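Next up: just one chain, as structure tokens, the form predicted on its own.
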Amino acid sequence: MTIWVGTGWKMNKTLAQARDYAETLAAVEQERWAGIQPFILPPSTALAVVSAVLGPRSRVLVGAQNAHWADAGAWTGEVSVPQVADAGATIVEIGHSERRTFFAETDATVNLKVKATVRHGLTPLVCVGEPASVFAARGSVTYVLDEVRAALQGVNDVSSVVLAYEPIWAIGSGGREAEPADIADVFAAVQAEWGGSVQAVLFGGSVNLGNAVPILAVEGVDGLFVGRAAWDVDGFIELLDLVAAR
């Protein structure tokens, strides 16, 4: 089974910083990560640079943190799936909780973006996750399944889709680390409904060197979507090596 391990840089890194990160990653003998699918999601300004540095033979996939559902048009400030693909992206992150909270993304727009990404042959990385209040009320499974169903509604072939379960209470600088028992029921439910159809189901939320292996040991976890612990390239490489050696 392929284990996915990736990171999104959010609104961080200049072109020079992105190039340095990619060059360091490209210089590593990547065969040591056999069985792992690494990926990085730079800001859109750095997509082309990172993709060019890594090159087409790299084991590391490059993706975009967002893309519009329309192929072109009067959408000031947006970028389309064809545009991010042209810059080297093979993955599109969709539905991150920050996009839902601060940029008014809804289940409906997430669904449109998933369909656009699939239509153009890219991998949708669909983020789902419940707030702390839902977790405390033991409603996580229902909440997450509803988000997944809404995101994939009407998508005839979901085999390219990667799901990332990122509980809102576990992400960001104020998030708390999830215990395996906190997430086991969600992964069991998602895998029971979608495991035979989607490409992978990942966990994201305060992942670090100390908890990566225990999280991967949870039944149904196919990989990790890492935040701050992988923003430094040495940290990302160390995580990849740790997963490869587990």
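Just count from 1 along the sequence shown to find any residue number. Predicted, not measured: the structure shown is a model, and the values here were computed from it.
What follows is about the form predicted in complex with a small molecule, which we do not show.
- Annotated contact segment (heavy atom within 4.5 Å of the small molecule in the predicted complex): 203-211, selected among 23-31, 184-192, 203-211, 46-54.
- Although the partner is absent here, G227 is a contact residue: one of its heavy atoms lies within 4.5 angstroms of the small molecule in the predicted complex.
- Looking at R19, you'd find every heavy atom of it more than 4.5 angstroms from the small molecule in the predicted complex.
- For I171, a non-hydrogen atom is located within 4.5 Å of the small molecule in the predicted complex, even though that partner is not displayed.
- Using a 4.5 angstroms threshold between heavy atoms, D107 stays clear of the small molecule in the predicted complex.
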